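A single chain, nothing else alongside it, follows as structure tokens in the form predicted alone.
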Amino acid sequence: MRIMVLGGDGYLGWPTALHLSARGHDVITVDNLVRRGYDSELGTTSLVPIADLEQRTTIWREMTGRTVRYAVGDITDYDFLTSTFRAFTPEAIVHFGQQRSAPYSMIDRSHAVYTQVNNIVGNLNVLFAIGEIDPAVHLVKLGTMGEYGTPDIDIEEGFIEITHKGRTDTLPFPKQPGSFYHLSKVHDSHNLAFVCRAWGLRATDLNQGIVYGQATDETILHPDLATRFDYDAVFGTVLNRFVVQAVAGYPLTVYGRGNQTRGMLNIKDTVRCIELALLNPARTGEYRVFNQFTESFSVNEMAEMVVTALGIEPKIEHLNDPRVELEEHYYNAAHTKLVDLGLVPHLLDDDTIRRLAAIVKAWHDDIDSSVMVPTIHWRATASPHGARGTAAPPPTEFENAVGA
């Protein structure tokens, strides 16, 4: 299959491109490299060094004899997108090409506007390009479980059957997004559903949980094939951050009471889920939703699992939650469709955590503990950095330790 991977230089886009190439597909990555620019803006960096895109693709060709092509440009530029589309003629598009951080979207007005314009306009451009050039192209779009929020009912896979005043219909599951980033994904989902209905396009919306891990079968073949390992408070995901804190000897920082529960999956399962969606495409005119996660844990449970797996003293510190979210809630989300297609999950266990810790230990000297302190607060809007509108609480043990 000829597959275009948008956002193919990113944390998940790059390993997905390699995974698909390794299985014989003809792959091109498209990326504007802006994710690397966010590092410069925020003063952060991937813990594991990452090679530039030219070096990455060169090493992949030398290691495997397979070619992953790349094009550098922005999909909000419709002329660039359509010219790349026409030159490559993809049969499927995998869409990772968006600003993916909820905290980043909550920094201030400009970051909120940027996130929504970048994500929604880019996605609309992709839909129009498919509609105008080749409506048969199957779009696999990365969504997020955060679109649903935490309702006090079971979360279904995209749709729910409702009976109201004696009449029954199947409707999109209600959305309760928790940030401007998650709101952009909700808008994307509505746009996808509309164009499938109106233009006869076909799309798979993958509502993904929180990803952990850094190594896939392909990225471990050479250091220059590595993908990102983010552990900061803006782009780092919770389990990755906990492992870095544990290896560095700092308390594991839990936001609020820590009973927030989320769907989780190993990065190895992310690339496999994408492959399964591509090999089993949506029908013409079909908009479908898969909930892409393998198991769910509370934040407290994840912190305790890290403490147990690594055999460290139980230093778990509860911070004031910088987000606006329920810290105690019901959470039961369906996630059967990808398993029905053949997904065999890599479940989180002590060995997985220890392997993740081994990666961190290899780069222990490069850990910058200060970037793990949350500085972006959902309730503040006046400050360019989202600082609290009221006096800050006294520094925590972790903040004192890192000099925040």
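So that there is no doubt, residue numbering starts at 1 and follows the sequence shown. Just so we're clear, the structure is a prediction, and the values are computed from it rather than from any experiment.
One more form of this protein should be noted, the form predicted together with a small molecule, which is absent from this view; the next part is about it.
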item: Proximity to the small molecule in the predicted bound form (heavy atom, within 4.5 Å), stretch among 281 to 289, 137 to 145, 214 to 222, 161 to 169; value: 137 to 145
item: Whether Ile120, Ser189 and Val195 all lie within 4.5 angstroms of the small molecule in the predicted bound form by heavy atom; value: no
item: 4.5 Å heavy atom contact, Thr76 to the small molecule in the predicted bound form; value: yes
item: Non-hydrogen atom contact Leu20 with the small molecule in the predicted bound form at 4.5 angstroms; value: no
item: Tyr181 within 4.5 Å of the small molecule in the predicted bound form, heavy atoms; value: yes
item: Distance check, Ile210 to the small molecule in the predicted bound form, heavy atom within 4.5 Å; value: yes
item: Contact residue in the predicted bound form, chosen from Thr237, Gln116, Ser296, Thr82 - any heavy atom within 4.5 Å of the small molecule; value: Thr237
item: Sole residue of Arg100, Arg202, Arg272, His111 within 4.5 Å of the small molecule in the predicted bound form, by heavy atom; value: Arg100
